[in-house]
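Have a look below at one chain only, the form predicted on its own, in structure tokens format.
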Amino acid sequence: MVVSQVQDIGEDALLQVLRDRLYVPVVSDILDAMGYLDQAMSADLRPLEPQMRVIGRAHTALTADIYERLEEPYRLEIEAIDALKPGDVMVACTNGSQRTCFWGELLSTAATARGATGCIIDGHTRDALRIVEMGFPLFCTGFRPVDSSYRSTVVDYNVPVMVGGVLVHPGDIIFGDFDGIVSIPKALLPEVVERALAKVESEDQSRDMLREGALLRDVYDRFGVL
């Protein structure tokens, strides 16, 4: 696919281009160049293993800490998971809770069965090694063995959430790899992909010239990328 064809393809095909040809830093650079300087999530959100990548549409959940077990502690949590659609990424806001553990193996299993492509949570997971064995892409801030039902509850889902310092709306495009995570506003996806492909082409040519011994100054002056 050439860059000029990007504007003519649908969202699913654009997501495939992200998956096959792009990487998070170049997309972050393009968002910066377009004036969207706050789309990269904080550095404490890390994948369970370096090879994990997550690409898909944001399906959001908002949780709050509690200090007693509710009568139906998992009601909205179950609704939120069951509402996942193929190609969704669960993006869960715990407001950085240190008390609770929102995610685990069973939620990963249920999300996989619904066709979800991963999970981003600004909090803790458990069953981490089992999730790694499943190959389910999960980015989180840490690990705790505790159950959520005495510690937090989902208060809403499919609403805007702040995760890793980024305001994420349902349907925004989530793209994460070992370098970090960016959220691409849905309406910007065609232009972001088009411009990112062009930048990758320039980076490839810059890399070739640098390997041949060209000065970095000369290469930058020619292609304008670093």
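For every residue, the number given is its place in the sequence shown, counted from 1. Here the rigid core means the biggest group of C-alpha atoms that line up within 1.5 Å when the two forms are laid on top of each other. Quick caveat, the model's predicted, so the values are computed rather than measured.
Although not depicted, the form predicted in complex with another copy of the chain is the subject of the following passage.
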| item | value |
| --- | --- |
| Listed residue that, although another copy of the chain is not shown, lies within 4.5 Å of it in the model of the complex (heavy atoms), from V54, V161, A196, I184 | V161 |
| R75: touches another copy of the chain in the model of the complex, heavy atom cutoff 4.5 angstroms | yes |
| Contact test in the model of the complex: M41 vs another copy of the chain, heavy atoms, 4.5 Å | yes |
| Contact flag, R207 vs another copy of the chain in the model of the complex, heavy atom cut 4.5 Å | yes |
| Distance check, D179 to another copy of the chain in the model of the complex, heavy atom within 4.5 Å | yes |
| Another copy of the chain in the model of the complex - contacting residues of 110-125, heavy atom within 4.5 Å | A110, A113, R114, H124 |
| Post core alignment: E212 C-alpha displaced by 2 Å or more between this form and the one not shown | yes |
